[in-house]
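Given next, in structure tokens, is a single chain: the form predicted alone.
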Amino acid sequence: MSVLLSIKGLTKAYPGVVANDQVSFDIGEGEVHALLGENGAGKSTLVKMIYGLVKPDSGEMTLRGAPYAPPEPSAARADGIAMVFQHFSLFDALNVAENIALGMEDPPPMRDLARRIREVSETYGLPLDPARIVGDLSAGERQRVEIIRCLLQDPKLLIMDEPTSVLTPQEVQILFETLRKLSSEGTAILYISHKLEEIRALCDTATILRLGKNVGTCVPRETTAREMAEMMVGSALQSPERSGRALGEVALEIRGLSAASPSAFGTSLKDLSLSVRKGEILGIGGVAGNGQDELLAVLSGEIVTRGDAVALHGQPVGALGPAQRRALGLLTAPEERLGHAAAPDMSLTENAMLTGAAREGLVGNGFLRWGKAKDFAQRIIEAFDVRTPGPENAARSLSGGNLQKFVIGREVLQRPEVLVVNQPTWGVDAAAAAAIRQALLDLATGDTALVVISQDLDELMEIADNFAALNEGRLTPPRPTAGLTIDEIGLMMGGAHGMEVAHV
């Protein structure tokens, strides 16, 4: 195949770190090219340079043989480069067509745009009604809005960042069919994902970055997921180990809980019931936007309910706030890292203080014990291999994956009675994800009850004892993960609530 985009010696440095160091590789026309690497390996910086968001310090790019150096994203789009970001940039109160128009340099009349949206959505198997309000769409449908907005530009290169993290297995297959069709028509795709089996199923070539450098390429179909992961980290990968454990008495129970979402576009919880025992990991799957945030808020105490709707070791806690629940041993780690799990402009020491004050003894006689707080933050950094100069650094200075390790480590080291985590390895590389999953398994071995809410089905099948799915605010009856098939999981996530199987 002929070369579409050639990257030669791209380098970009920031204070204290070289994000990209002499990176070179080619992307062919119609090629599906994977970009792999650990958190902080330089993937985001590289694609931002391709898309015109960041200017390289040195190196050059050519597009179809001509020099290519976009000063801004609009110039990249004009040259046929489109990008679907990991976090969607959509306005909930506007409809699909209005959102797409906002992302276009010169949008056509709304009637013509709506017609084009229907044509493109039907051509590529991505059904979408241009009149639907975005706030009413599922996460998968929102992704379609972003993809169709790109396809209307007739791109020559489509960059996709973690595109399947919000999709059911069935929706992943639809997306892959769309990407294969685009590839067959000559559109190149640069595909970033931590899901290595997906890379093997979809991609023609993979470039691996480590510490900002291109350390090799491979053909994913001819390379195992473990081999690719080990190329990313530069060493042998340790898989999480499950030790046999007997489950104890019920530690956390929800009885007939219904709760309205505080967000106009959120999902209210409807008649939820579940129980989790000491030493048990209950995995809860579901497509984003089906009540996961609301469930965590109900369990954390951010949404209070009637007292007996939530019980900890038989004690009603539904009417208690977050601080009181934490004192009793019910700890939580939300999905949104910056702004919810951590205060962006506060140091890691201050963020350690925010949730660890009571359980770690960081307050005494009305004074904050900053020395102990710094020691606690340092313990988290060391135990969870958080890549940062030190605990005085601000949370926003960390890469997403490293901040995630800090947030999870902060809760794990407080020795919770019950731990509820939402998306524990979101955007985290293979080695870090394995370390986090091992930490959760170790907690369960120590009699902690865990609720792991995740859109990563491989993760839930790897660590969970039982599995339930959230769909439109309703929870399916939990089923043992042993023997569950992907098709059964997909049905549960799609709303098959009648699948009654005993919770053992």
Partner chain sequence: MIKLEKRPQPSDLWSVATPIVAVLATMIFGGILFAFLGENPFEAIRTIFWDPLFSEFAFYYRPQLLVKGAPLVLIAIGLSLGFRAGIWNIGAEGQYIMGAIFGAAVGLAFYPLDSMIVFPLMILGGALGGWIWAMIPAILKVKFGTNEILVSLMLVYVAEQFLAAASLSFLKNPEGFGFPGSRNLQQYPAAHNAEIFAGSGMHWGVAFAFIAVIFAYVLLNRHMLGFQIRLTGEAPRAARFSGVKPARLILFCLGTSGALAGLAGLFEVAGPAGQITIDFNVGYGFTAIIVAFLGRLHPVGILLAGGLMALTYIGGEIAQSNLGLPAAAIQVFQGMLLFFLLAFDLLTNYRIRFAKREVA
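Positions refer to the first chain, counted from 1. Under this definition, the rigid core comprises the largest set of C-alpha atoms superposing within 1.5 Å between the forms. Nothing here was measured: the structure is a model prediction, and the numbers come from that model.
As for the form predicted in complex with its partner chain, it is not shown, yet the points below apply to it.
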Report whether all of F85, N95 and S121 sit within 4.5 Å of its partner chain in the model of the complex, measuring from non-hydrogen atoms. no
Proximity to its partner chain in the model of the complex (heavy atom, within 4.5 Å), stretch among 148-156, 196-204, 110-118, 315-323: 315-323
Given that its partner chain is not shown alongside this chain, does L211 nevertheless sit within 4.5 Å of it in the model of the complex, heavy atom to heavy atom? no
Do N365 and its partner chain share at least one heavy atom pair within 4.5 Å in the model of the complex? yes
So, G140 and its partner chain: in the model of the complex, are they within 4.5 Å at any heavy atom pair? no
Against its partner chain in the model of the complex, would W370 count as a contact residue? Criterion: heavy atoms within 4.5 Å. yes
Which pick from A188, V310, A377, A342 sits with a heavy atom within 4.5 Å of its partner chain in the model of the complex? A342
Which one of N393, Q414, T305, S183 is close to its partner chain in the model of the complex, taking close to mean a heavy atom within 4.5 Å? N393
Those residues of 439-477 which, in the model of the complex, come within 4.5 Å of its partner chain by heavy atom: none
With both forms fitted on the core, check whether the Cα of F406 differs by 2 Å or more between the shown form and the other one. yes
If the two forms are fitted on the core, does E335 show a Cα displacement reaching 2 angstroms between the shown form and the other one? yes
For P391, does the CA position differ by 2 Å or more between the shown form and the other one when the superposition is done on the rigid core? yes
